[in-house]
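Here's a solo chain for you in structure tokens, the form predicted alone.
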């Protein structure tokens, strides 16, 4: 029996992301920014890094005022946290992730913030603690999303804001959803059902925006043509561009097959 087969789903996901986010392909595509998301392309981003920054900005724009405490959930390598420091004071920001290795990288990238290893479904914070929570493109991984929503509700102060980008996956064969690291319980069928689960957790003023074209669509288009653009700009040799371009098209096709909707979500805990 292989070591991988003995891993729990959580351990397998951490291992996949620890490797993938540090891979040379990903580092180059994201311009060594530490980002690893589809991004927001509606404002005219010309690179994946710009789109990824714009996605964090889009979510942060929904937070009114200057929060005394802000939580960045599933912060990855710390790029989203670093971006948040442009809008909010670093000493107000706490960021969490389940990976020790990713948190170690995040602490190097943004040492001025409070970085902790923590499970998003078991938040080690007191009730009514944060003014706002941001979660960029990760809630579909949590086991489960509903547990995270209940925990987010608990640790938010009355009137606190929840801002997240999330993905609805298609009801695909188990081996495909397992590869995407999406628990079966998180396969919400449509936006109406998703909105109902936000409300069931207690949130009000729920807004769920279909941003599939602006986020997933933009990512797929950019990734499919990126290697060719790098070659034409003289930054990639032809032989590498051909192989890299094929990989990019396969990845873009995979996400087109598995992802149904990309959502931008805002909600509020009642005052």
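Positions refer to the first chain, counted from 1. Keep in mind the model is a prediction, meaning the values are calculated, not measured.
The same protein also exists as the form predicted in complex with a small molecule; that form is not shown, yet it is the one meant from here on.
Proximity to the small molecule in the predicted complex, defined as a heavy atom within 4.5 Å, singles out one entry of 168, 198, 161, 120, which is 120. The candidate spot formed by 35, 75 and 136 is fully in contact with the small molecule in the predicted complex: every one of the three has a heavy atom within 4.5 Å.
Stretch-level contact check against the small molecule in the predicted complex with heavy atoms at 4.5 Å: of 111-119, 186-194, 149-157, 87-95, the positive one is 111-119.
Among residues of the shown chain, residue 83 is not one whose heavy atoms approach the small molecule to within 4.5 Å in the predicted complex. When the small molecule is considered in the predicted complex, residue 130 lies well away from it, no heavy atom lying within 4.5 Å.
The small molecule is not shown here, and in the predicted complex it never comes within 4.5 Å of any heavy atom of residue 145. The shortest heavy atom separation between residue 251 and the small molecule in the predicted complex exceeds 4.5 Å.
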